[in-house]
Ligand code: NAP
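Starting off, we have a lone chain in the form predicted on its own, written out as structure tokens.
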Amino acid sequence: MSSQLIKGKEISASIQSELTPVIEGYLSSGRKINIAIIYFGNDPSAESYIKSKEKTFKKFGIAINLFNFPETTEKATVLKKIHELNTDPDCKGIMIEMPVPGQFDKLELFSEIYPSKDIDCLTPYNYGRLLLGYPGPVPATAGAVIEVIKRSGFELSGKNVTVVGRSNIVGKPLALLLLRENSTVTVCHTKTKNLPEKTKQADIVVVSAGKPKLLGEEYFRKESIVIDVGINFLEGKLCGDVDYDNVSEKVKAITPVPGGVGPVTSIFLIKNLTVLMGLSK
């Protein structure tokens, strides 16, 4: 059986073609758009995400300002920087890249960002709007997964979708978005029993477990559509949460890592940005 390889770069290019005129129209009058990314230490996965985002934003003529803090940085220093960015009229978006050092209260940190500049839907205000079904930004990776599935020609309404992972950034918001699409959603996690049974029952499996090559061929069937959200480094190489080499030819469709959900996640941040700036819905 020949599987469909879902190419995130092609989907990203399609979304880019829709958003480019919107951004160009804003910048044409001499106005600026700066995006700030705050991150800590030198985590390889975080740096991979940041490079992808930088590349995407530059395509639109949007400037990226990186603020890399040592993991031992005091809370007051970071909060001061967030406040400065909140009041900078040219800064239209603020992001905090995971992981965040243990001495920080994530909720307190995210709450400091103005909701109007929260392009990754980290603030309690925007997250609450998502939960209640109101329009606004959505966590970029979760939103990207929906775009990847729909733009690859797969139906979500009425389909059984299993999400492996329950993080606040991907698993939980993705479940909410899938419910909006009228999918029947099963969320699995580290305490789930008989995980292969749950994934094999699904039409679509989204894997966001954070463990390299965790799911092998025994977790899927030939009609499975597999969306791998994982970003891991194993023996110096980037890989997903699915054992791609052993799974890719035994399912209906699959996203590779890299080149799958990642490029769409980056472009989805632009979509969130246009929503927050009132340039699109």
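All residue numbers are counted from 1 along the displayed sequence. Remember, it's a predicted structure, so these values are computed and weren't measured experimentally.
Beyond what is shown, the protein has a form predicted together with the ligand; the following relates to that form.
| request: Select, from the options 167-175, 85-93, 113-121, 150-158, the stretch whose residues sit within 4.5 angstroms of the ligand in the predicted complex by heavy atom distance. | output: Every other range fails; the passing one is 167-175.
| query | in the predicted complex, which of the listed residues (Asn126, Ser183, Thr162, Thr141) lies with a heavy atom within 4.5 Å of the ligand? | reply | Selected residue: Thr141.
| Answer option from Val247, Ile225, Ile35, Ile231, heavy atom within 4.5 Å of the ligand in the predicted complex | Checking each option against the ligand in the predicted complex, the one that comes within 4.5 Å is Ile231.
| field | Thr190 within 4.5 Å of the ligand in the predicted complex, heavy atoms | value | Yes, Thr190 is a contact residue.
| 4.5 Å heavy atom contact, Ala209 and the ligand in the predicted complex | It does: once the ligand is placed as it appears in the predicted complex, Ala209 has a heavy atom within 4.5 Å of it.
| query | Quick one: is Leu195 in contact with the ligand in the predicted complex, heavy atoms, 4.5 Å cut-off? | reply | The answer is yes: Leu195 has a heavy atom within 4.5 Å of the ligand.
| Heavy atom of Val261 within 4.5 Å of the ligand in the predicted complex | So Val261 counts as contacting the ligand.
| Quick check: do Ser12, Ile204 and Phe268 each get a heavy atom within 4.5 Å of the ligand in the predicted complex? | Result no, not one residue of the spot touches the ligand.
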